[in-house]
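Form predicted on its own, single chain, as structure tokens, below.
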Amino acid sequence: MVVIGPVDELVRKIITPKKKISFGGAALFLKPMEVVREIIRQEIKGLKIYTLIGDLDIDLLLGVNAIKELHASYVGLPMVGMAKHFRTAIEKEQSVVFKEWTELSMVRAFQAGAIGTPAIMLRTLLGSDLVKIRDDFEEVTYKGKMYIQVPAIVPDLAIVHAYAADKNGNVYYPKHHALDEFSTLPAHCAKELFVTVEKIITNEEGRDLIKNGQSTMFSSIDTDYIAEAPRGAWPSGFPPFYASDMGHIMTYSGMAQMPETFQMYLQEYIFGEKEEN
């Protein structure tokens, strides 16, 4: 049965310390930012996060010490610069266990988790230095050929932001977009799925979307929790409805440089006003 409720109540119910979570979105698009903000408000710590391409979501959570272990192929602020708290946590403080992946190896690990196999073999990692630093990447031989075997990713919970959901728990695309796979991929491998949406619609409105050529992003069978969060991806973008707020990202990047100004950012944008209009 799909549970529909407010973001804060669902975060309090389902996101707990040490939870293994995969985030949807990538490169300042489709990020579940309202959930990220609520995790910070509720001071949840010790999380194990999987994200193919991390940006503001990951940097914010690292800034408040919410992440214990991070799996990613990249973390930064595209078109703006480095992610300050990521670099501090990994390079200086070494306060977070960082598991680096290539983009392709992480995609394949998500896919392996989705189909229920414990690992997948790749040849693209042969010769990569990642094999030297990842003790869970193993060299194996199959029919005379060498492969690198990587473990499947099976998070406890996936969190994504989407367009709309009906009262039955079906989640809909506004229209298909090239970035959609960045949300569906980390969702299908997880044990549970939490979706924030721009709006809750009636079942009839959902049927009208299907009649007009749209489709479901996740069926009610896939979905476990839904919360309405208008502009819930902000300041990342949600095409075609709003673009990434690069002015805000630049503001964040500047304020993240010093502990004092980062605290000012948190007070204004996390604990104060939830978003700009």
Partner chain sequence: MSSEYTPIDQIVVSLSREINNNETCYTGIAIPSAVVAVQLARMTHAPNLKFFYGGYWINPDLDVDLFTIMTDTEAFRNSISKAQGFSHLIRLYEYWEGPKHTLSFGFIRPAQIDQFGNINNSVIGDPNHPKFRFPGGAAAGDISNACSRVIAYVPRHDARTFVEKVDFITGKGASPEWRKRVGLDNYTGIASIITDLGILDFNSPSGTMRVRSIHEFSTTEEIRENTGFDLEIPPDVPTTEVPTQVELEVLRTKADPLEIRNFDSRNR
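Here the structure is a predicted model, which is why all the values come from computation and not from measurement. Numbering follows the first chain given and starts at 1.
Omitted here: the form predicted together with the partner chain. The next part is about that form.
- Put simply, H188 is close to the partner chain in the predicted bound form: some heavy atom of it is within 4.5 Å.
- In the predicted bound form, no heavy atom of A162 sits within 4.5 Å of the partner chain.
- In the predicted bound form, the partner chain sits within 4.5 Å of a heavy atom of D224.
- The closest non-hydrogen atom of R108 lies within 4.5 Å of the partner chain in the predicted bound form.
- Contacts between 133-157 and the partner chain, taken as any heavy atom within 4.5 Å in the predicted bound form, involve I133, M146, V154.
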